[in-house]
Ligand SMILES: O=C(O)[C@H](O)[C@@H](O)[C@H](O)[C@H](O)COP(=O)(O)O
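In structure tokens, the next block holds one chain alone, the form predicted on its own.
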């Protein structure tokens, strides 16, 4: 099993600095090895913590043209809807970096606006398979599931990650790459999400969490409590939890390390 590490950050600014360095290092690694870098984004606060990548030295040194962007989950709505993870990422990050438009892989615009969750999930899985056929996304050598280079994830106070929620069957899906949910306990109810195998076969998984509201779920997840979806997070190479002091406040000090 890949190692699970943690970084304790004193402030959200420090978290942004650490996240930028970590992401930029992996970008350099994969651009040299593969001439491309597949990055999976999530919604929530995660986008707001990527601001350091928009400043020197990263904005000028990262090979943005080699980035390929995907979403671990998405609300089934129009791209311009306030609930859209695409809109959140576009307004806060993607519109500020020179990633080619054809490298940004969002939910089908029409199906999102129509609210058709099941078909939107099927179409997004087709999109991933097309990118595999184009040798943009790798597949895991033994499982055949897609293997993304880096996923940048967040966690809710209930321990959910992506749109895999406690007490919902989607987390037990083992065959599909993308599935849908129409009764999300967190609005809006209609969403699509990567399944757990797709999430867990990524090479590098980052989980970034701030604030006291998540402290109980952070402790449960890092103790691998199975009814907390984030407690089932693994990766092919490495999982790193980036935590502020409030989110880490109920962890044993042995989990904390400021330098990997």
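It should be emphasised that the depicted structure is a prediction, and the values quoted were computed from it without experimental measurement. Residue numbers count along the first chain shown, from 1.
Heads up, the form predicted together with the named molecule isn't pictured, but that's what we're talking about next.
Colleague: With the named molecule left out here, work out from 42-50, 62-70, 228-236, 198-206 which stretch has heavy atoms within 4.5 Å of it in the model of the complex.
Modeller: In the other structure, the partner sits against 42-50.
Colleague: Quick one: in the model of the complex, does every one of 156, 162 and 214 get a heavy atom within 4.5 Å of the named molecule?
Modeller: Affirmative, all three are within 4.5 Å.
Colleague: Have a look at 147, 85, 103, 170 for me and say which one sits with a heavy atom within 4.5 Å of the named molecule in the model of the complex.
Modeller: By the 4.5 Å heavy-atom cutoff, the listed residue in contact is 85.
Colleague: Only one of 186, 90, 138, 123 gets a heavy atom within 4.5 Å of the named molecule in the model of the complex. Which one?
Modeller: After the contact test, the surviving option is 186.
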